[in-house]
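As structure tokens, one chain now follows by itself in the form predicted alone.
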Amino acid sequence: MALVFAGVCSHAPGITGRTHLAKPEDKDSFHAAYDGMRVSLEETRPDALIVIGAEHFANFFMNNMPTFAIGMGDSYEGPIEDEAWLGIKKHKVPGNRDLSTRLIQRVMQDVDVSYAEEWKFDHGIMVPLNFLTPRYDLDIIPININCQGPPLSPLARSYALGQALRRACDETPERIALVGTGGISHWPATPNSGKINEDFDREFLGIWAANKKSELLAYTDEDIYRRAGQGGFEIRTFIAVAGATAGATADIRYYRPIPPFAVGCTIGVVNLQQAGMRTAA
């Protein structure tokens, strides 16, 4: 089989935890876009969903910070944050140890990855799952990219991770969905929290949607930090999805800067049926 769905979305905790602070039209329109993404995902009938998220020091710290880590558990728990603060109740999320193991073994042929049998999900994964799998009945394969603690991996390695994931998915009998979740521009846990650089966001999303590899990989961390804050390093999750879907473009279904959510809120879905993209029927 192959990928049956791929997309990107935002995961800021305010999306669920500070809904009362946003303008109703902003909140309602973004949540509706998330619901539309869920419908599109469900229509592809996936057996499992790979979620590529960003490490927020919830599971890994500077004493042991893997560049890439893939979950290999039977199940996971989340959110690690306070339920009332995040606006999401704690759940036991199903994993798939056998599928995870096979994916890890194949990815390792091309890209070195760590793995974790124990993993507590924070908002980076739980916010997307809250909308995309509200019944928590779909097997989840979590992947974390270090987007917090320098030295960060070159952007090209995130693209290569996506390519390796695509090859791994192509060799599994399961129907696989893939979602990357992160920034784009934001300055979390700083005096600039709530700041959003719409120009950077729209520029990056245009390049990402066109899947222009050379332009995606031309960004430097210095430029990202200056224009998009330390939260902008999370573009690595979007770039990994681009690597997994090379040859296809995407539709940006939603983008709007929503300051109470502290991020430019984004929903993008890849057109997997384009030329050169083999998908499961």
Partner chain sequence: MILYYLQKLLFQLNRDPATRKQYESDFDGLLMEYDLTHEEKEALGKPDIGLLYVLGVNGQLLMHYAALKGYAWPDYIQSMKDGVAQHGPVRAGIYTMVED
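Positions refer to the first chain, counted from 1. Just so you know, these numbers come straight off a predicted model, no measurement behind them.
Another form, the form predicted in complex with its partner chain, is not on view; read the next lines as being about it.
Just one of Ser114, Gln163, Ser153, Asn192 comes within 4.5 Å of its partner chain in the model of the complex, counting any heavy atom, and that one is Asn192.
Proximity to its partner chain in the model of the complex, defined as a heavy atom within 4.5 Å, singles out one entry of Phe131, Trp187, Tyr76, Tyr159, which is Trp187. Per the 4.5 Å heavy atom criterion, its partner chain in the model of the complex is contacted by stretch 80 to 88, the sole one of 67 to 75, 99 to 107, 176 to 184, 80 to 88. Heavy atoms of Gln148 reach within 4.5 Å of its partner chain in the model of the complex, making it an interface residue. Using a 4.5 angstroms limit between non-hydrogen atoms, Arg202 is distant from its partner chain in the model of the complex.
Within 4.5 Å of any heavy atom of its partner chain in the model of the complex lies no heavy atom of Ser40.
In the model of the complex, no heavy atom of Ser29 sits within 4.5 Å of its partner chain. Looking at 49 to 77, the residues that come within 4.5 Å of its partner chain in the model of the complex, counting any heavy atom, are His56, Phe57, Ala58, Asn59, Phe60, Phe61, Met62, Asn63.
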